[in-house]
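Consider the single chain below, provided in structure tokens and representing the form predicted on its own.
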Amino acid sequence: MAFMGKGGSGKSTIAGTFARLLARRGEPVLALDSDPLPGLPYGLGVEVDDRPIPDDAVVEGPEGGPRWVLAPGIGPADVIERYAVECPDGVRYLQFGNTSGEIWAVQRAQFAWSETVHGLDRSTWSLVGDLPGGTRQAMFGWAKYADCALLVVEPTAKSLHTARRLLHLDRAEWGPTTIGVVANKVRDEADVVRIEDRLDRAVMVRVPWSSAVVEGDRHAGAPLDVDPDGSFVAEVDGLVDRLVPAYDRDVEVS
């Protein structure tokens, strides 16, 4: 799964909650963060750590190939073992590094992260990814690892505008087999109708506005830790219930 949408739509919070709930079902979950700004750690319930995959794990690539590659003797499984963070519920978390300055500072780590993700044994991990807000990474194929892209949408004009553009991934040859719409911060039925009318697509799940989640976010608290029995967690749990059996049976998700 790869979560995408406008910045601030709540995709990182939903992605982190989804990953932990999936892990509670016994799945080996690897949470992937390709956003150079922190977001997913809060949803997972771990501290933000800006350290990228270290430079000594990366060497210059061959002529005509990638600019940087994993160092000899270091494969994708080694990267997970050495550098992925252990999270609550058994989730492992891999980021290419957050940045508080120039993006070039994590370029080596970005190449290493990409090589790791695309070289993983897909029978070993269930991947749950969080893309940066907006369209750039999604359109450039950063979620090629995903069978399903989940588009998180608020009932606001800017979020809907971004979502309409992201739906163009339907046309990509490498695109996910399914793009599902997750309505977030829903206050009433009118919010859902607005999203469905604007996107011309049915909403897969309706995640309600939650004051408890908002308050928890003020103090870096993950929804599963601050309001485990609330409506937010219940709806994301329902999303897991809906998606996991479908992919286990290799059938189309409606």
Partner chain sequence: MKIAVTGKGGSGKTTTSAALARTLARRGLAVVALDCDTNPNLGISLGVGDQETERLLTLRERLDEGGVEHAPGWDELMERFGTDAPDGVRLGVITRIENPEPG
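Residue numbers count along the first chain shown, from 1. Please read all numbers here as calculations on a predicted model, not as lab measurements.
Keep in mind the form predicted in complex with its partner chain is missing from the figure; the text below concerns it.
> Within 4.5 Å of its partner chain in the predicted complex, do Gln110, Thr162 and Arg165 each have at least one heavy atom?
The answer is yes: all three residues contact the partner (heavy atom, 4.5 Å cut-off).
> In the predicted complex, which of the stretches 170-178, 83-91, 68-76, 136-144 has residues with heavy atoms within 4.5 Å of its partner chain?
Of the options given, it is 136-144.
> Looking at Gly45, Pro36, Gly216, Pro208, which has any heavy atom no more than 4.5 Å from its partner chain in the predicted complex?
Answer to the contact question: Pro36.
> Would you classify Arg194 as touching its partner chain in the predicted complex, given a 4.5 Å non-hydrogen atom cut-off?
Looking in the predicted complex, residue contacts with its partner chain do not include Arg194, since no heavy atom lies within 4.5 Å.
> Can you work out whether Arg198 and its partner chain are in contact in the predicted complex, taking contact to mean some heavy atom pair no more than 4.5 Å apart?
Yes - in the predicted complex, heavy atoms of Arg198 and its partner chain come within 4.5 Å of each other.
> Though only this chain appears here, would His118 touch its partner chain in the predicted complex if you measure heavy atom gaps against 4.5 Å?
Taking the distances in the predicted complex, the answer for His118 is no, it never comes within 4.5 Å of its partner chain.
> Would you classify Arg122 as touching its partner chain in the predicted complex, given a 4.5 Å non-hydrogen atom cut-off?
Heavy-atom contact with its partner chain at 4.5 Å: absent for Arg122.
> Taking its partner chain in the predicted complex, which residues of 6-30 have any heavy atom within 4.5 Å of it?
Heavy-atom contacts to its partner chain in the predicted complex: Lys6, Gly7, Gly8.
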